[in-house]
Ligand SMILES: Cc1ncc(COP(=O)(O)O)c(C=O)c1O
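One chain is shown next in structure tokens, namely the form predicted alone.
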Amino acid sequence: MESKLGLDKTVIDECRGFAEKITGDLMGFIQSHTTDSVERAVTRLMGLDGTDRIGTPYPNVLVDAVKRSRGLGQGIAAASADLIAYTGGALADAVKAIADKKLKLSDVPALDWDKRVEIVRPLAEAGLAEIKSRADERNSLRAAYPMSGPPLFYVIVATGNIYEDAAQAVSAVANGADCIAVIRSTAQSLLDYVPYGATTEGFGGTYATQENFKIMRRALDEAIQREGRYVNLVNYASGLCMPEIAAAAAFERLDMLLNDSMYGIIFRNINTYRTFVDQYFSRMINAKADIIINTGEDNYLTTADAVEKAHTVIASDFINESFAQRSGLPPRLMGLGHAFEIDPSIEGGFLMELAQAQMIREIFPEAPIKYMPPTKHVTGNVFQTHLVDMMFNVCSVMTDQSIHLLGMLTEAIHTPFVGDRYLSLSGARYAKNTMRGIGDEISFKPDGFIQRRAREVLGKAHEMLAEIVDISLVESLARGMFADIHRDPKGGKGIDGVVKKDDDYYNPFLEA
């Protein structure tokens, strides 16, 4: 991409170098530890499914039992192999026996490692084959029903009832939506288990379950054939069950997942170390499943000032890019985030928004950038909100954004009605159509306001990354350098689920 901002490539390269050092400093810990959720994800990838009589998911039953009996240092794959050999049946049957108090792990002898690998490897290969088949299915559908050109219009549904969500999603697709995001029920990220089955009650959203994924995927696939274009399904792989939701999403052919440890640490107070380990494995699953991740930098500007702290978004994008690379994600799957959040009353604010959007687009040219609408300064004035959203639409088209989350005129009033989505989609379609190609026609004044603003923000991001290299990412989060929120690395939710790996730890999916 030809630079319109005249950004210094040396500065950009140094930012990437700093980010590599920042994430590299954490890789020793990440690779030497596992978590309850990583191990539960391993069982899911090996095909374990179902719940006990009181609704506890079998992956939780097994991991909790192994943790109490032997510890998780060897990995859940080892205990799974022992159970399968001892009972002579499927893993689910053995877990049911544990749940029913008919089997004690202390009675199960440990096999030698070669035998364990012999038992587990076919289960892992079957899981990986299923993930590949779903990715191949996506590719075939996209070839038959090509997606709309960028920006892709991303719309949320959040009724709490998956069947009502599906009905609203189909309506949004008929009106031009390209991505349907099913918002999770409030605080699901703090649950240390994945709810089971189809759900019809939620708070501010609908529970992320594998069955709910299946229901929504089926509804959207029917809509794809009616509308003649591919529609992306989006959900959330964050919080205490990040790798498990990634596994469920891979099996049900989701297309995008909000998947970002920084978001979980800062806004949900998930333990810093827990979520770095979870993110590493969850993103490996996403890479295998060809799922686009979305990162949460846009949220920083809901608690910090969008003018003064714009550089924190850029710095975090560099860090998230590096983390993603370490998990094997190519740039085409890195939906790095930013937002249109400057106070509308600030003179020249649109020029600053334009500088920020163009800068992120130029620095990460291959990434499907995720652009968030204005929410922080929205009031009950629906007419003013609709106007601000249109300015956001204009900025998105001018700077060639990839994934465009629609602003809603009733933002901050209620969960959007179908009519609200219709008006937002109409406005976004108008901007996209009437301004088609405008980015190719525009250049910015050399050393003008927009170029100076971009250089200033990039320079501050460079300084911030250099500082984080010196103090560590963990310490920067403790000091509240992102989003003005402080997080103690020794606190937060899920810290008791972090486990040091033994020397003979085995995870067949890491190996694959």
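Just so you know, these numbers come straight off a predicted model, no measurement behind them. Start at 1 with the first residue shown and count on from there.
Absent from the display: the form predicted together with the ligand. The rest refers to it.
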Practice item. Examine Asn259 and determine whether its closest non-hydrogen atom to the ligand in the model of the complex is within 4.5 angstroms. Key: yes
Point to revise | Touches the ligand in the model of the complex: Arg268 (any heavy atom, 4.5 Å) | key: yes
Exercise for review: Consider Gly335 of the chain shown here, and say whether it contacts the ligand in the model of the complex, taking contact as heavy atoms within 4.5 Å.
Suggested key: no
Point to revise | Interface membership of Tyr236, the ligand in the model of the complex, 4.5 Å heavy atom rule | key: yes
Point to revise | Region of this chain that lies against the ligand in the model of the complex, out of 361-369, 259-267, 421-429, 210-218 [heavy atom, 4.5 Å] | key: 259-267
**Study point:** Contact assignment for the ligand in the model of the complex, among Thr399, Thr159, Ser189, Thr312, heavy atom within 4.5 Å
**Key:** Ser189
Study note, to complete from the structure: Partner-free chain; cross-checking the ligand in the model of the complex, the single residue of Asn232, Thr199, Gln74, Asn299 with a heavy atom within 4.5 Å is Asn299
Review point. Can you tell me which residues in 142-158 come within 4.5 angstroms of the ligand in the model of the complex, by heavy atoms?
Key: none
